[in-house]
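The form predicted on its own is given below as one chain in structure tokens.
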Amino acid sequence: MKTVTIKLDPSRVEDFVKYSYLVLRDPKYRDILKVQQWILYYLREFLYEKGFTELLAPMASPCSDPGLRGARKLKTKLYGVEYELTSSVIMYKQASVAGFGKVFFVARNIREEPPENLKTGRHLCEFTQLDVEWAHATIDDVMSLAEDMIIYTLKKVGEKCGEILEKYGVELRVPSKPFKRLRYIDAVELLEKHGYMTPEGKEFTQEGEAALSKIVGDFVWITHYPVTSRGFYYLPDSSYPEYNRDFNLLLPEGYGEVIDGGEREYRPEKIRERIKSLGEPLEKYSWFLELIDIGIPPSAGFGLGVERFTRYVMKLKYIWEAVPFPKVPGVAPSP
């Protein structure tokens, strides 16, 4: 084999992506991906010990998550029928808990992100999500589960990968429970005080979200987002129906969102109303609506971005440093 030594600057993203097949020969990126292997190992280990069953994720669906914060779903055809490449396994999670009760997927997702999201340094078009769902659970149940999972994983990775972390000057701080919490409306007010405006009824801007994680300075849950800002599968709060029983977890130090989740809508008439309100045709979601009519249990769950979590653990400036053969917003072709 021909020996090739290469050092690519991740700030020159076009070259970094173009020659990503050579980046893996750089000892730094081999170390990063070894740490990522152990992150995944301990995430899985934690969930196995809590009684969750791991299932394999589908890669194509007649319908996928419509709530993508400006990203576009990619389409293909299978035997002449239009399918969407998986942008989220949310509906499959809801289907699966009817049989298993507690499930998770390590799911690859693909979305065409707006090219301007490249500047955030934390968006990929192809990424990995640890997707967890728990039948008859509440948001408090799954938020507590996620806190325990993060604490467990950070402790284990710190022990297993101590030499690598020390090599790159990474001090891995393990948080304690409970994590801080802010309701969305309070977070909006906090951001306004620091000069960041949030569009009415929408999620935070990318700049606002990064700023919020710096302002708070710790792991923080943002709860109860507006119904108008999210997908149809979240359950509105019965006391404040314009807001969902949902949450995001923001990492400290400006690393931004790493977890998205909440309680799921499971009532057939409400799901149909929400799909229509998004301008989506009901027939597109026929298999899921048939399932809902048969009946599924109420559930709650979340998705954790594996590359985002890796970026935080290794204190990387760019998320494309945390994945082999990255696909990033606005850059193509790539290996």
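In this text the structure is predicted, and so the values were computed from the model without any measurement. Quick note: we count residues from 1 along the sequence shown, nothing fancier.
This protein has a second form, the form predicted together with adenosine monophosphate (AMP), left out of what is shown; the following refers to that one.
Heavy atom within 4.5 Å of adenosine monophosphate (AMP) in the predicted bound form - the one residue of Ala187, Val157, Val132, Ile259 that qualifies: Checked against the cut-off, the match is Ile259.
Taking adenosine monophosphate (AMP) in the predicted bound form as the reference, which of Phe127, Tyr196, Tyr92, Trp221 has a non-hydrogen atom within 4.5 Å? For this set of options, the contacting one is Phe127.
Only one of 73-81, 143-151, 210-218, 118-126 has heavy atoms within 4.5 Å of adenosine monophosphate (AMP) in the predicted bound form; I'd like to know which. That would be stretch 118-126.
Exercise: Glu113 in contact with adenosine monophosphate (AMP) in the predicted bound form, heavy atom 4.5 Å: Taking the distances in the predicted bound form, the answer for Glu113 is yes, it comes within 4.5 Å of adenosine monophosphate (AMP).
Can you tell me if Arg308 lies within 4.5 angstroms of adenosine monophosphate (AMP) in the predicted bound form, counting non-hydrogen atoms only? Yes.
4.5 Å heavy atom contact, Gly301 and adenosine monophosphate (AMP) in the predicted bound form: Because no heavy atom of Gly301 falls inside 4.5 Å of adenosine monophosphate (AMP) in the predicted bound form, the answer is no.
With a 4.5 Å heavy atom cut-off, would you call Ile319 a contact of adenosine monophosphate (AMP) in the predicted bound form? Looking in the predicted bound form, residue contacts with adenosine monophosphate (AMP) include Ile319, since a heavy atom lies within 4.5 Å.
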